[in-house]
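Below you will find one chain, with nothing else, as structure tokens; this is the form predicted alone, and questions on how it binds or moves follow later.
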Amino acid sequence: MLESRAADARPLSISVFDPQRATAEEWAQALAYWRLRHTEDHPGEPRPDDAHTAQNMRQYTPLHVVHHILARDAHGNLVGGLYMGVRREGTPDYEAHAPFVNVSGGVRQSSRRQGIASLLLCELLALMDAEGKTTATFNVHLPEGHAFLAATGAAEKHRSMENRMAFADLDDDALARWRAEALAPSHGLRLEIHAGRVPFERLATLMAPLSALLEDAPTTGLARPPMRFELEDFRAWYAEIDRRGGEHFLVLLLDGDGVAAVCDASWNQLYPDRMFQRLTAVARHWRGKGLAKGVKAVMLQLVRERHLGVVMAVTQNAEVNAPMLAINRQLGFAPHRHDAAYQIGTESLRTFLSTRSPASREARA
């Protein structure tokens, strides 16, 4: 259900979108808006159908709560949206996550430079004040997103890039060589492969070692809570891919019971032509021995065997992660887009909003 927060006389109004209570008409308007925004922000990219989007938004997330805010113009048309994710109270490590809110959203291209983004940021500030959040994190890839966040006083804290690779360009001889080198008897490592799903009893034993490898990933100057793999996240994710169709692949090199190297990836029936590379990591004392190349080679061969229609691999890399970028370049990965994470605190946000138009400042009156 939409709860209006602005008088009808104002040219812009702000509403809360509740996926559990929204009417059919409200859903139709929101879905049409999201389709348009996807086309504007990701031209030429496939998008999930409306049924999947609606189902995903209604799904209970055990670890996080997302607040959906929508902006309308004087004619009732949706022109902007803001989505604020926070850690659910009572979950593990809640205190470490409590200061942070992750933010995404945007404004229709035809409605920009009218104060809508500032109006939405008023909602962000209100939530941060109400819930005691101190740091908002935005991830953007479009030039106008970078420009707007820089204007707010948000600081760029981390840069990454989405890299893509064509399966047709893979060098089979190189993959075989990389695999053989990583599995050389002198290393004494054992290969473990899961295709489709990883049994939850096995996942439970891997949460700690995989979290240690994830926490070691470079995040530059980003203020953040500890990065962890959590079993409840996997339960929710597996439930989602059970509905829409998909697979999770996990390749491990084990030193006894310890994880020396890992590579995991996913295949999504909504985007059947591509593989999504997730974490590739090597324990510090095993680095420099070709293990990252080895687990990547095993993964690529595995996915190609199971999904003949996959033509592209997609991965995200920190720009400061030179060793992994070098490996990816050898595989044929090339930059597709550049992303940045910006962070801003409540006082900087308040200062910025104080300089905006009276309409923006008074929208919540």
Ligand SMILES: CC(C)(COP(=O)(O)OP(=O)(O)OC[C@H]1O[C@@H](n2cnc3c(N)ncnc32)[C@H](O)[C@@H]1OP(=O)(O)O)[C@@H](O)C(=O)NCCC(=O)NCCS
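What you are looking at is a predicted structure, and each value in this text was computed from that prediction instead of being measured. In this text, residue numbers run from 1 along the sequence as written.
The following text describes the form predicted in complex with the named molecule, which does not appear among the structures shown.
Ser118 is the sole member of Ser160, Asn163, Ser118, Gln277 with a non-hydrogen atom lying within 4.5 angstroms of the named molecule in the predicted complex. When you look in the predicted complex, the only residue of Asp41, Glu45, Glu305, Asp49 with a non-hydrogen atom within 4.5 Å of the named molecule is Asp41. In the predicted complex, the named molecule sits within 4.5 Å of a heavy atom of Glu144. In the predicted complex, the named molecule lies farther than 4.5 Å from every heavy atom of Thr134.
The closest heavy atom approach of Gln269 to the named molecule in the predicted complex falls outside 4.5 Å. Among heavy atoms of Phe148, some come within 4.5 Å of the named molecule in the predicted complex. Heavy atoms within 4.5 Å of the named molecule in the predicted complex are found in one stretch of 108-116, 126-134, 194-202, 281-289, which is 108-116.
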